[in-house]
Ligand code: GLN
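First, one chain by itself in structure tokens, the form predicted alone.
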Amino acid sequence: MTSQTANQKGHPRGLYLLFITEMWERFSYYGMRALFMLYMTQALLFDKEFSSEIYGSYTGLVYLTPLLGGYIADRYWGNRRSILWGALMMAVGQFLMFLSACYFHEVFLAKWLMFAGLGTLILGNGFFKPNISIMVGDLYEPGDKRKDSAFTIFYMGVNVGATIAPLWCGLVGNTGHPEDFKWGFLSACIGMLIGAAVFQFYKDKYLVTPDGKPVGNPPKQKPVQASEQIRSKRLFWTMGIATVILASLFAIGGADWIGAFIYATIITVPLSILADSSLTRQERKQICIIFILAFFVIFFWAAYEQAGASLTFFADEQTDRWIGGWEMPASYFQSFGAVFIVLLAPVFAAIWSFLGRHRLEPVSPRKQAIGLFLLSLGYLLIAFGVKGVEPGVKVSMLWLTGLYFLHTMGELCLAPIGLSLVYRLSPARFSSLLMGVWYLSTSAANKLAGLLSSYYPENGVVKNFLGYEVATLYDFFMLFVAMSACAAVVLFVLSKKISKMMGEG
């Protein structure tokens, strides 16, 4: 056994390297996200609707570009190179956000520095996100029973970074003085550079298979027949043309161009993958399962991701944040979910284990349905908390805390199985690409989250969403109750059939 690998009772040291790298990347992402909406509304003085549109486009594209990063890694760069370049691009993006905040008084310059920073962050995340998740599974032999727990440990890295980031970046950036936002963005930049440095220094030593072979190097090029090349090019151009046409139709229908492109892509890309002639019948079946579950994930994250959008407005404007003589920054609430994850993950693991021993553990799709139902309960709780409350009147922070508690339980029912499921069901030659497709559902969800956030009540204006009038916070939160509850019911009904397709039922 090499010095790089642990014995079978533990985990490879490479897992902890990926844990630390992902932790710092999430510190960077969530640190910036904790301040982003507040920066736009309090420093650049954008209104809530416009800020929500920018937020939705940014977070949507952040989860769209992993499709590109996964494709390039599978065919050209490999996972290692993609992760490093992605990390460095994200550090540059955070530095541009820092520069934007330095010149926030000059709104035109600050706005374009911000857009340049967002664009660089979006591209960098595309190379980083799908490839680091795939490398977790590659550290183990096929069939290794430690793999599921490895993804759980890796998921903890996400939440450690998500816990620390809003606390630190909120402390130095969300001070009530617009000129201080820059220190939060600079902290996010430094965090990303630390993650990139740790990965670069230790990747060759620890990122190896159990028999010592390096993981994540560029793929070996195989001879490709001319007919295959022609077929691949035709498929690529067909997909591209179909995406442009469909996006144009969505734009004509009223969607903005970024949203139109995201919504078109979530239709054309999965269909293009299924059209690949090299897929066997079983592989197509497995890929269809990924797509079905990814569809329901959209409804979960569209509501959950209000944490960085409308719930930030609510925390800032209508939540009593005084604890003794100290007023807690609104950005701190974005750490609540991650803290609850760390506290509740062992509890849920024990619950699933207990139910499993007694043959009562729900199948994976049913767990996701339970997650959507808990999400709905969270919004129902806060809807009653604000019912009849006038604009500007602040309510107890217990309402928002209760919402995040219920949402965290929902996340633990839904999110951890996703990465493991995609890795387990994906054909090896499409692993990074299909991980990108999984994040594509999160892209659509985040864009939808920004759209829904724009209906947040503002200045007494009554807003209309598909015939439903949103005049109060109660109306607004009930939107999410209805959306997530309906998705939960449909998935619960379909869960038995889906689980049989997966071989769980």
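Here the rigid core means the biggest group of C-alpha atoms that line up within 1.5 Å when the two forms are laid on top of each other. Numbering starts at 1 and follows the sequence shown. Predicted model only: the values in this text are computed from it and were never measured.
Below, we refer to the form predicted together with the ligand, which is not included among the displayed structures.
In the model of the complex, does F314 have a heavy atom within 4.5 Å of the ligand?
Close contact is absent here: in the model of the complex, F314 is far from the ligand, nothing within 4.5 Å, heavy atoms only.
Is T442 close enough to the ligand in the model of the complex to count, meaning some heavy atom within 4.5 Å?
Output for T442 is yes: heavy atoms within 4.5 Å of the ligand.
Is it the case that H407, even though its partner is missing from this view, gets within 4.5 Å of the ligand in the model of the complex, heavy atoms only?
Outside the cut-off, so no.
Heavy atom to heavy atom, is E411 within 4.5 Å of the ligand in the model of the complex?
Taking the distances in the model of the complex, the answer for E411 is yes, it comes within 4.5 Å of the ligand.
For a quick test of understanding: in the model of the complex, does each of Y30, Y63 and W301 have a heavy atom within 4.5 Å of the ligand?
Each of the three qualifies.
Though the ligand is not shown, can you say which of F199, Y379, Y155, F127 has a heavy atom within 4.5 Å of it in the model of the complex?
Looking at the other structure, the residue within range turns out to be Y155.
Going by heavy atoms within 4.5 Å, which of 383-391, 155-163, 257-265, 76-84 lines up against the ligand in the model of the complex?
Answer to the contact question: 155-163.
Once both forms sit on the same rigid core, is the C-alpha displacement of F185 at or above 2 Å between this form and the one not shown?
Comparing forms between this form and the one not shown, the F185 CA shifts below 2 Å.
Using a rigid core alignment, state whether the CA of E305 is displaced by 2 Å or more between this form and the one not shown.
Shift at E305: 2 Å or more after core fit.
Please say whether, between this form and the one not shown, the C-alpha of Q368 moves by 2 Å or more once the core is aligned.
Yes, shifts by 2 Å or more.
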